[in-house]
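Here's a solo chain for you in structure tokens, the form predicted alone.
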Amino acid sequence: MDIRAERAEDISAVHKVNMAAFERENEADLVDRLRSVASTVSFVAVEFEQIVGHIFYSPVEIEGECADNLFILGLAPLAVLPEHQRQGIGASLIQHSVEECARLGCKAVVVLGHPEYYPKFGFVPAKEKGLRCEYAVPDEAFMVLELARGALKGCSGTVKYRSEFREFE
């Protein structure tokens, strides 16, 4: 399996992976709308020349106290074709992509996801770092991973996702 940055010719396959993984169009349509936004990051997992997984990041803002120039991304969505799930593809996408996000200058990543899954990669409840989600979700489901030690020191407030997310609530 190879993990690489998404290319223009991958768009259709990425759309299909997200539709298959989530059994609806919302996440696939969200990625399509966010793709043109500055500072988004998108990776695919390729196996035997087929895209079997996808991970996407878009910029988020903290409404509250935080350094103005703090670059934070929101991980959403992470998708793997159903027939390829539970084979470590999602884990590989996360591990590879967070390293690349750090290399690009991202200081932290937030995710709204399964509290049993993401802590394996170092994510902690965002509440522990003074952050909360703009959506009404359980504290343990909204998590953050600092990519630079102490990046969130002194930060507190509400994490705001891009307006495109609200179109799919």
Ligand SMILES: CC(C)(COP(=O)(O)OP(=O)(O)OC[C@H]1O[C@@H](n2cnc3c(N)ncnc32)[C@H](O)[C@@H]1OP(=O)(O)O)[C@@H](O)C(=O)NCCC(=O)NCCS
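What you are looking at is a predicted structure, and each value in this text was computed from that prediction instead of being measured. One rule holds for the numbers: they count along the sequence shown, beginning at 1.
Keep in mind that the form predicted together with the ligand is missing from the display, and what follows is about it.
For Ala151, no non-hydrogen atom is located within 4.5 Å of the ligand in the predicted bound form, even though that partner is not displayed. In the predicted bound form, Leu147 stays away from the ligand, with no heavy atom inside 4.5 Å. Taking non-hydrogen atoms only, Leu70 never approaches the ligand to within 4.5 angstroms in the predicted bound form. Contact annotation: Leu112 falls within 4.5 Å of the ligand in the predicted bound form, judged by heavy atom distances. This chain is drawn without the ligand; in the predicted bound form, the residue among Tyr118, Phe142, Tyr57, Phe43 with a heavy atom within 4.5 Å of it is Tyr118. Although the ligand is not shown here, in the predicted bound form the stretch 12-32 places heavy atoms of Ala21, Phe22 within 4.5 Å of it, in sequence order.
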